[in-house]
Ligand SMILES: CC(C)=CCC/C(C)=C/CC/C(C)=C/CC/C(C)=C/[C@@H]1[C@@H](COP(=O)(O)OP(=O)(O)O)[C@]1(C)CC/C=C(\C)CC/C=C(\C)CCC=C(C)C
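One chain follows as C-alpha cells, the form predicted on its own.
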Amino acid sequence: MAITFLRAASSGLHDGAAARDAAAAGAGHCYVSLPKKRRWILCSLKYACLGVDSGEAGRTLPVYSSLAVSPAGEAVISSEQKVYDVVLKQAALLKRQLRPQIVPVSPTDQLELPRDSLKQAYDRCGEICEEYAKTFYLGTMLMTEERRRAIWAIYVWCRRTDELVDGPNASHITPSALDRWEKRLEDLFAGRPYDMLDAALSDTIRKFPIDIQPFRDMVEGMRSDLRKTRYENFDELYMYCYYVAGTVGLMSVPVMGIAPDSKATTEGVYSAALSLGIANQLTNILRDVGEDARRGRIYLPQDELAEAGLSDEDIFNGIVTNRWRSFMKRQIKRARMFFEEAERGVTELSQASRWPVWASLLLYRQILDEIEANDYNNFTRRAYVGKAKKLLALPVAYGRSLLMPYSLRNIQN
C-alpha cells in the first residue's frame, strides 16, 4: 500500500484542435472536443497517440484510449471521466474546508475517548505502518505530528481493507462480510468507531475535509476481487486500479496539504494523486503476473492480449516469448506514462509532505526497471528493488521534495 499523488491533463491537449492533431499523430484515431473545464479527460486521448515498437522496422502499435464511441455514434463515458467526477467532488470539499456527514450526528454520537486512549490508537497505527511500509513510514517522520498521525490512520484502514481479500482469512470472506465492513465504515464516519484503530481514523476525519466516497470505492474494489478474475479492456482495468489504489491518494490529499505558493488547481493536485495510485497498481499487476496466474487471476486487458497474439493459456504456461516481451513493453510504457503524470503533481504538495510521496514514486517506478532487467520474466521471477537501491532512493526523494512547485517553475520560465 502506498500514498499517492499527480497532476491533471498535459498541457497542449486542452481543446478540440489539439486533440484532433494528436489523433492524427496516432494513425487517425477519432477525437472528441470537450469544454475546457472538463479537459482532464483529454489526457486519456493522449494515450491513443502513443506508439510502442512492435519489433518491425518503421511500425508502431498504438496504445488505445479508453474513450469509446457507441454504434449510434454517441460518446461513451469512460472510466476516467467517471472517476474524475469523484475528483471534482473531493476538490470542492477541500476548497470549502468542510467535512461531510453521512448521517446527522447528535452531540452524544460524537467521538469521545480519553486523550491517552487516542494517543495509543495513533501510536499503534504508526507501529503497523513502520512494520509493513518501512520506507514510507520513515518519510512520514518529516511531516507535522498531526499530519503524520492522520496518514498512519488512513494507511492502516486501507491495509485492513486490503487484507480482507488478500490476507490469511481471505478464503472465508463473503460479499456480506464486505457489506458489514462498509457499514462499519459509515459508523466510523459518524463518530462511532468499533475499535482503537477505527478511533484513530474517526478522529482524523474530524480534523481534515475527508469524504467517505474513496473509502467506499476501495471496498467496492474488494468486492470486484471476489467476483471478477478477468478484465476485457483497459477501461475496466483502470476502474479496478482506481478502486484499489487511486482511492488512497484522494483520501490523503487533504492531510498532505497543498503548498501555499502552488499555482496548481485543487483538481489538478487530486488528479495527480489519482495518477500515482493508478501507476502503482499497474506496476503491482505487472510484477505479480505469475503469482496471480497461479490463483487463476489475470489482471491484464484481454483485448490487448489478443492483439499481441496471446491467450490466457500463454499466461498460465508462463513462457517468455517475443510476443510476451512486446506485450510487456506496451504495458510498462503505459505505467510509466502515469508516473510521469504524477511527478509534477507531487511538487505541488506541502513541502513537509513530499518526501514519502517521492520515495513511493521512485521506488515503485524502479520495479518496472527490474521487470525489464529480468527479460520480462514476471512468471517465475518476482521483480523487487534491493535494499541498497531503496537506501539510495531516499536522499534522491528528499532532494526532489525541496524542488519548487512545478506550477511556479512554469510561470518563471
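The first residue of the shown sequence is 1; numbering continues from there. The shown structure was predicted, so the numbers you read here are calculated from the model rather than taken from an experiment. Heads up, when I say rigid core I mean the largest set of C-alphas that superpose within 1.5 Å between the two forms.
There is also a form predicted together with the ligand; it is not shown, and the following applies to it.
Trainee: Thinking of 245, 248 and 346 as the candidate spot, does the ligand come within 4.5 Å of a heavy atom on all of them in the model of the complex?
Mentor: Every listed residue reaches the ligand in the model of the complex, so yes.
Trainee: Could you tell me which stretch in 136-144, 327-335, 188-196, 230-238 has residues with non-hydrogen atoms within 4.5 Å of the ligand in the model of the complex?
Mentor: Heavy atoms within 4.5 Å of the ligand in the model of the complex occur in 136-144.
Trainee: Since exactly one of 130, 303, 314, 288 fits, which has a heavy atom within 4.5 Å of the ligand in the model of the complex?
Mentor: Only one listed residue qualifies here, and that residue is 288.
Trainee: Please tell me whether any heavy atom belonging to residue 84 falls inside 4.5 Å of a heavy atom of the ligand, as the geometry stands in the model of the complex.
Mentor: No - in the model of the complex, heavy atoms of residue 84 and the ligand never come within 4.5 Å of each other.
Trainee: Test of understanding: in the model of the complex, would residue 224 fall inside 4.5 Å of the ligand by heavy atoms?
Mentor: Contact with the ligand, no.
Trainee: Mark residue 78 yes when one of its heavy atoms lies within 4.5 Å of a heavy atom of the ligand in the model of the complex, and no otherwise.
Mentor: No, residue 78 is distant from the partner.
Trainee: Even though the ligand is not shown here, does residue 166 get within 4.5 Å of it in the model of the complex, heavy atoms only?
Mentor: Residue 166 belongs to the contact set for the ligand.
Trainee: At 4.5 Å, heavy atom to heavy atom, what parts of 183-201 sit next to the ligand in the model of the complex? List them in sequence order, or say none.
Mentor: The stretch 183-201, when checked against the ligand in the model of the complex, contributes no residue at the 4.5 Å heavy-atom cut-off.
Trainee: Rigid core fitted, is the C-alpha displacement of residue 143 between this form and the one not shown 2 Å or more?
Mentor: Passes the 2 Å threshold, so yes.
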